[in-house]
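Shown next as structure tokens: one chain only, the form predicted alone.
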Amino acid sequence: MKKKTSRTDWFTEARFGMFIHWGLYAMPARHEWVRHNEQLSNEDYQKYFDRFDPDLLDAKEWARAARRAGMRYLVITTKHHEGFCLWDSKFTDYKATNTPAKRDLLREIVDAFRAEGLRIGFYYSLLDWHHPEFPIDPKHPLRNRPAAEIAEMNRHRDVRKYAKYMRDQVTELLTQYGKIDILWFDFSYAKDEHNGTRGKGRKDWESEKLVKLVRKLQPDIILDNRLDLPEAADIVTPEQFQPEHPPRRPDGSIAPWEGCQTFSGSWGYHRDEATWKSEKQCVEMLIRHVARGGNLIMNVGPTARGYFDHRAMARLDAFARWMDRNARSIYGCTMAPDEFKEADGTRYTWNPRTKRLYVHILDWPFQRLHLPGLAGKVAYAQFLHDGSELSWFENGHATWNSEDLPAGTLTLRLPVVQPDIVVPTVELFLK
């Protein structure tokens, strides 16, 4: 356990990262699972490969946007389920260098984000709907073909050859781009069944061999938990929900975890998708993750021409404005000790080094905020965004119109009008 903890030290300090889902699916612009959803064959999908040309790509601007937003690391889809590779892999022709782009797009992105001081992570899909040796299964675009036809196709496909292909590509990724901090494999579904086919898990991926290779090439890399091999995982990765209780190890300690989330309902660029989270929802999402001891990795799906669209930029700008004033309530922070019970409408984060407690006010109250159990424990209180002092009284006894509150309650006096910041944060200096 000690070795895993040291591997993730920087990760739990950083708390906030950028996910990027980018591939051919940006061209149909209707979900990164478009091949699966619309049951498209390789031939149907070829028109996107033949025309992929992100002529407006400025990876340096992507990286600047991430840094301004307060993100400390990147995870980029080197290959998603469609099988298309952003780098010049010698093990496939299905890669960016063979499209009209004619270059290693992954190299541009890695160099740009490193230059901005962000750590680098690679997402690599365990699925590959294009590869000739990947057997048709319940997630495959061809899953609903007649069962006899699928059986005949699968008779000529060898998942062991595909597992070797993955190891060869992972070797490229971990030897050609310098130090890689995270390897994000996605995903296993061994219990799935459909139309006479079964899902895939550790035996199909040959996960033990894959992990052994990864650890040999980059011993300090962080691995996620999607290889169907829990003992090899450094982090847990809940997707598209916010855990109210953090995942824990057998000894009761909080496991390093990272919630992976989207601005809208799609990971890839989706032109017409309309369920975009508000700026306040996005900032609250970061707070809620750290308040339960986790990281947030927030996804952007660039357009087919290679830029972040205005909706994504608006949310990144919202993070930038908030983090510019409130970052120290996020970096290096975690779940507050059990003795500090969160007040209604708030989330707490805690810095164990500075011994400061941060009260994030999600629902603005009228003039008073009652904090249970903090009476006698606070030496000073201020708004974090501007450093302005806040006064308080304890145990409900300050003036004739105080309400009767439980013993141990500390009550902050707040302005009637919420400060002009999407989520105000109070910094408490404890005695």
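We number the residues from 1 along the sequence you see. Just so it is clear, the structure is predicted and the values come from calculations on it, not from any experiment.
Here the subject shifts to the form predicted in complex with ligand GLC, a form of this protein not shown in this document.
- In the predicted bound form, Phe19 approaches ligand GLC with a heavy atom inside 4.5 Å.
- Interface residue remark: Phe52 is not counted as part of the site for ligand GLC in the predicted bound form, having no heavy atom within 4.5 Å.
- Taking the partner from the other structure, ligand GLC in the predicted bound form has no heavy atom within 4.5 Å of any heavy atom of His130.
- Residue contact with ligand GLC in the predicted bound form: Asp186 places a heavy atom within 4.5 Å of it.
- None of Ile76, Ala312, Cys260, Ala343 but one reaches within 4.5 angstroms of ligand GLC in the predicted bound form through a heavy atom, and that residue is Cys260.
- With the partner omitted from this view, the residue of Arg292, Arg226, His270, Arg347 that lies near ligand GLC in the predicted bound form is Arg226 [heavy atom within 4.5 Å].
- Segments offered: 77-85, 159-167, 349-357, 104-112. Contacting ligand GLC in the predicted bound form at heavy atom distances within 4.5 Å is 77-85.
- Of the residues in 27-62, those that come within 4.5 Å of ligand GLC in the predicted bound form through at least one heavy atom are, in sequence order, Glu32, Trp33.
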